[in-house]
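Single chain ahead, by itself, as C-alpha cells, in the form predicted on its own.
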C-alpha cells in the first residue's frame, strides 16, 4: 500500500489520541517512520510539519519531536461562517436543509479523510441564501464522531456555523476550482446546467480524528477574499 503524507499525518494523530504517544513523549524520528511506512523521508517531514504547525507536536533540533503537552489551534486560515459572510455584504441571510441522512460515504471522501471504505457518515445538503437568492450550495459528509455526543439541529443552525464554532480544528486542506454546474447544483442554484461555478472543496481534521469533507458550489459572480 502506498502512503501519502496525509495518511501518515492521520496515523500519527491516531497514535497520539490513543496515548500510544502520550503528551510530552518522544515520537520516532523521520528516518524510523519513513522505514515503517515505506516512503521517502521528505513525505514524513511534510506530515510532521503540518502537525507541528497545528500545535499537535513540537519539533526541536537535536531534541527530537515530542507530543505537545497542551495542543493549541494554530489555524493559518480561518474557515468563514457563511451567515456572517452574507450579513457582511449587507444582505439578509437564510438557509434550507435539503438533505440529512446516514449512509456509507463514497470512496473518494473516505480516502481523503483517511477512513475505511464505506464508513457510515452523515450526509448534509444545505442551500445558503443571500437576500432571498441562492448563494452557496453545500454538500457535506460529516464524521459522526466529530459531534462528540452533541445533537445539533442542522435545520436551525447550519452545519457550517456549528462546526466552526463548536469543533476545534487541528488541520485541513482546501482547493478552489472552476467547474461546470452539475444537474443538481444547477437545479438548486437556479442556473443553466454546465454554467461555470466557483467550487471550494475542503477536508478538516480535529483532535478526535477526521471531521468532514465538504464541497461548496458558489453562485455565479461570487467573489472570495482572504486575509492572512
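Positions refer to the first chain, counted from 1. Nothing here was measured: the structure is a model prediction, and the numbers come from that model. The term rigid core refers to the maximal set of C-alpha atoms that superpose within 1.5 Å between the two forms.
Keep in mind that the form predicted in complex with the DNA is not shown, yet the notes after this line are about it.
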Quick one: find which of 158-166, 183-191, 199-207, 61-69 has residues within 4.5 Å of the DNA in the predicted bound form by heavy atom distance.
61-69
Closest heavy atom of residue 36 to the DNA in the predicted bound form, within 4.5 Å or not?
no
Although the DNA is absent from this view, report whether residue 179 comes within 4.5 Å of it in the predicted bound form, heavy atoms only.
no
Contact with the DNA in the predicted bound form for residue 30, defined as at least one heavy atom pair within 4.5 Å: yes or no?
yes
At the 4.5 Å heavy atom threshold, is residue 174 in contact with the DNA in the predicted bound form?
no
Would you say all of 106, 110 and 140 touch the DNA in the predicted bound form, counting a heavy atom within 4.5 Å as a touch?
no
Align on the rigid core first; then say whether the Cα of residue 161 has moved by at least 2 Å between this form and the one not shown.
no
Relative to the superposed rigid core, does residue 209 relocate between this form and the one not shown - that is, does its Cα move 2 Å or more?
no
